[in-house]
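Take a look at this one chain, the form predicted alone, written out in structure tokens.
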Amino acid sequence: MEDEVDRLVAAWRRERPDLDVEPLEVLSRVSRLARHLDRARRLAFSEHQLEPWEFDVLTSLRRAGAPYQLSPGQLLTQTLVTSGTMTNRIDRLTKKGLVERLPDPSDRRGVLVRLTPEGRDRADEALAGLLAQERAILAQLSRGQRGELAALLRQLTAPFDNVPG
């Protein structure tokens, strides 16, 4: 079965035989797959009236376990955004009734961000929708192939995830 990347690679091999275009065979497919995944994510989230960034914050809190709360600093670490961006996101989610700010009992100046029951429900429903979309994307692969692909992708992504700072 031929795909668009095969055609792209063949064209570059014809036009630039002096270059090794082998990385395109893998990374162009990863890039194309990422675009399809982004569309699937947006569809799954929009069905639950959530933006991707809202899902990221809500599910960070949900994964924290009961009582589903984190400090803004912990949310920064998990979502990789700036402090100002996180403050804005917390404000917007608070207005929607999906999170609430509480005083941090261990730091009089600090706050904790807690998932509301509605926020928890929306996160859970959107996650179920996302997983259905992702299962559809992976449906052509056997369980073994999915495990092998996950392991190979882990080898590529782990160095980026384990960079200090």
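So that there is no doubt, residue numbering starts at 1 and follows the sequence shown. Predicted model only: the values in this text are computed from it and were never measured.
The same protein has a further form, the form predicted in complex with a further copy of the same chain, not shown here; the description that follows concerns it.
- Of the candidate stretches 46-54, 33-41, 105-113, 92-100, only 33-41 contains residues with a heavy atom within 4.5 Å of a further copy of the same chain in the predicted bound form.
- Interface membership of L70, defined by any non-hydrogen atom within 4.5 Å of a further copy of the same chain in the predicted bound form, is ruled out.
- When contacts are judged by a 4.5 Å heavy atom cut-off, G65 counts as touching a further copy of the same chain in the predicted bound form.
- Among residues of the shown chain, N88 is not one whose heavy atoms approach a further copy of the same chain to within 4.5 Å in the predicted bound form.
- For E118, no non-hydrogen atom is located within 4.5 Å of a further copy of the same chain in the predicted bound form, even though that partner is not displayed.
- In the predicted bound form, D124, L127, L131, E134, R135 are the residues of 120-136 with at least one heavy atom within 4.5 Å of a further copy of the same chain, listed from first to last.
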